[in-house]
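Below, in structure tokens: the form predicted on its own, a single chain.
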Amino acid sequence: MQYLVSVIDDKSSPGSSDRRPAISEFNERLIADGYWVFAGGLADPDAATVIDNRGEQPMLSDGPFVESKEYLAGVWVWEAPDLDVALALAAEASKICDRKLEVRPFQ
């Protein structure tokens, strides 16, 4: 089963910015243990563009879709045998990256 792990940061109380070495080590372990599928950090929400093409012409707008103090800062995609394993990895990852995580299975 694959899981999307969303990294959630908070503009009013951001996670530590010095976590990259620890995150890299964690990622290397995910790869070695066969859990790694994909990961990536995202630019600040102000760099986002929203596209809505449900009408007659596409509408583009600058900035995030939702104004919020919390925002999606990055993602992992993991392959894990079950939700318990994914949640255990996420608990460790949350501590390592100093941010909240949301774990959701793919359908």
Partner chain sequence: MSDVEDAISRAYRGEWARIVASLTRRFSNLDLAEEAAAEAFATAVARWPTDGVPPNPGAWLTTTATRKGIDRMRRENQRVGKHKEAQMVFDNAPPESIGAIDDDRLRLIFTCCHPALAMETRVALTLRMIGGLTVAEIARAFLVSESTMGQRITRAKAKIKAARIPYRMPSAADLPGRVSGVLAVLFLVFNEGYLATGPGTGPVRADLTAEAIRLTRLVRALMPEDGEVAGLLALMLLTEARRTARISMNGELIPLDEQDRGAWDPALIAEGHRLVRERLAAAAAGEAPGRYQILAAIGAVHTSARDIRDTDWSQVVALYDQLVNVDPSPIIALNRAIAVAELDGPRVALATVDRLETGLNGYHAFHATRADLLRRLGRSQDARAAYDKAIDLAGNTAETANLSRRRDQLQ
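Numbering follows the first chain given and starts at 1. Quick caveat: nothing in here was measured; it's all calculated off a predicted structure.
Heads up, the form predicted in complex with the partner chain isn't pictured, but that's what we're talking about next.
Participant: Let me know the one among Pro81, Pro58, Gly34, Gly40 whose heavy atoms come within 4.5 Å of the partner chain in the predicted bound form, would you?
Facilitator: Answer to the contact question: Pro81.
Participant: Spell it out for me: taking the partner chain in the predicted bound form, does every residue among Ile8, Pro14 and Tyr71 have a heavy atom no farther than 4.5 Å from it?
Facilitator: Not one of the three qualifies.
Participant: Is Leu87 a contact residue for the partner chain in the predicted bound form, using a 4.5 Å heavy atom cut-off?
Facilitator: Close contact exists here: in the predicted bound form, Leu87 approaches the partner chain to within 4.5 Å, heavy atoms only.
Participant: Is Leu4 close to the partner chain in the predicted bound form, meaning a heavy atom pair under 4.5 Å apart or at it?
Facilitator: Outside the cut-off, so no.
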